[in-house]
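Let's start with one chain on its own, the form predicted alone, as structure tokens.
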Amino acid sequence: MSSKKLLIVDDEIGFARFVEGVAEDLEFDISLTCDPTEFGALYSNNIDIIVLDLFMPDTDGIELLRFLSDNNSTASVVLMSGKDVGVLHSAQELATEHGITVLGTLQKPFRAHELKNVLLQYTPSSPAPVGSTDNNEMPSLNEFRQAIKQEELFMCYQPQIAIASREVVGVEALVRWKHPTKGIIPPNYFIPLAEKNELIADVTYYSVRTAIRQQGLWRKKGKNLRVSINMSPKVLDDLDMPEKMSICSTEMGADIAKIMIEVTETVIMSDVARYMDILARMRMKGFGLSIDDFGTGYSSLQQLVRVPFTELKIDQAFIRKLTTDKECHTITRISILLAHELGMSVVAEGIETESEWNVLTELGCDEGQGFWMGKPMPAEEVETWIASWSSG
């Protein structure tokens, strides 16, 4: 097997040699340059990792990230800086937007073991497995229309857990599509498809009624779980919706106080008065209101004042970097403090490790959901899962 190829770009020759020494111990095949203008000549598509200093004369690290993007590079990068931490963080976000894998960021000076730990995170990109579904093999619009008619959609429920007590207090209802021959179709494919082709109302109607019915069924069995339901901006324009959902909840035997309506913070921006009308009356009917993906929109604080939200969900983009990114930790901490000052509970989504759970415990986050605790599952599996979690 050929060794992994690593390219070091740093105008400080002493530090470049230091990185080279650490990488040699890990048996990398190393190229090195202290002149960023040589990058184009040294770069090739078979390079696995690029260790890149951001602040360099003539050609800086941001320009080299743009070069990698323009050349559809599959190389992973390690970003270094001895100066502005904010720029280092922004460069990481920029690389991610370009589709470049960032193994880590290192603030100079750093120790050999810190660099080693970052380099050891590298795993070669693998070709798609045989039989996997890519966008060219995704179902057509007509197939999706048939899926709605033929009841190929179904609901899964992801547990939401009180962090202090570890009690399962609710679930988020998530719509899924199982194609008869192509298997499970990802929601990030069919939800935009539905929104672009005026089918999202059908999907939402199915999701809302099914989730409310399920809440009623659990309630009758003595498990009055809160059920959170995502509401697409495309359908949140019906002034009669609060009444319709209230009637539906009564018919299904559901507890309105245990129905949480999740909306993204950008939902209220196009027709402020209309959305405020609908959401305020939703709250007056007794439904909970959750602002989803908090921190990813443009007017977060303004929306918190405009609408009587009862819950704030911290976006998983911040949670998955909680233990490694100071800025994400700060945003999470301040979001929790802000929500609590406004009388709202806080749910962290996308928890994937015990260390993230522990940090959220220290920060006083109320609830969490994520793969570390439980993945989305069919309704019939929820009670068994709760019993297992509670006894664990």
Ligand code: C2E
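Keep in mind that what you see is a predicted model, and the values were worked out from it rather than measured. For every residue, the number given is its place in the sequence shown, counted from 1.
FYI, the form predicted in complex with the named molecule isn't displayed, but the following is about it.
Using a 4.5 angstroms threshold between heavy atoms, Glu63 stays clear of the named molecule in the predicted bound form.
Of the heavy atoms in Ile191, some are within 4.5 Å of the named molecule in the predicted bound form.
The closest heavy atom approach of Glu27 to the named molecule in the predicted bound form falls outside 4.5 Å. Under a 4.5 angstroms non-hydrogen atom cutoff, the named molecule in the predicted bound form has Glu352 among its neighbouring residues.
The contact residue chosen from Arg306, His179, Arg320, Arg283 relative to the named molecule in the predicted bound form is Arg320, the criterion being a non-hydrogen atom within 4.5 angstroms. Interface residue among Leu312, Val175, Ile161, Leu79, judged by heavy atoms within 4.5 Å of the named molecule in the predicted bound form: Val175. Contact with the named molecule in the predicted bound form, defined as any heavy atom within 4.5 Å, is confined among 27 to 35, 324 to 332, 64 to 72, 344 to 352 to 344 to 352. The candidate spot formed by Phe15, Thr59 and Leu115 lies out of contact with the named molecule in the predicted bound form, as no residue has a heavy atom within 4.5 Å of it. Residue Glu262 is the only member of 239 to 262 with a non-hydrogen atom no more than 4.5 angstroms from the named molecule in the predicted bound form.
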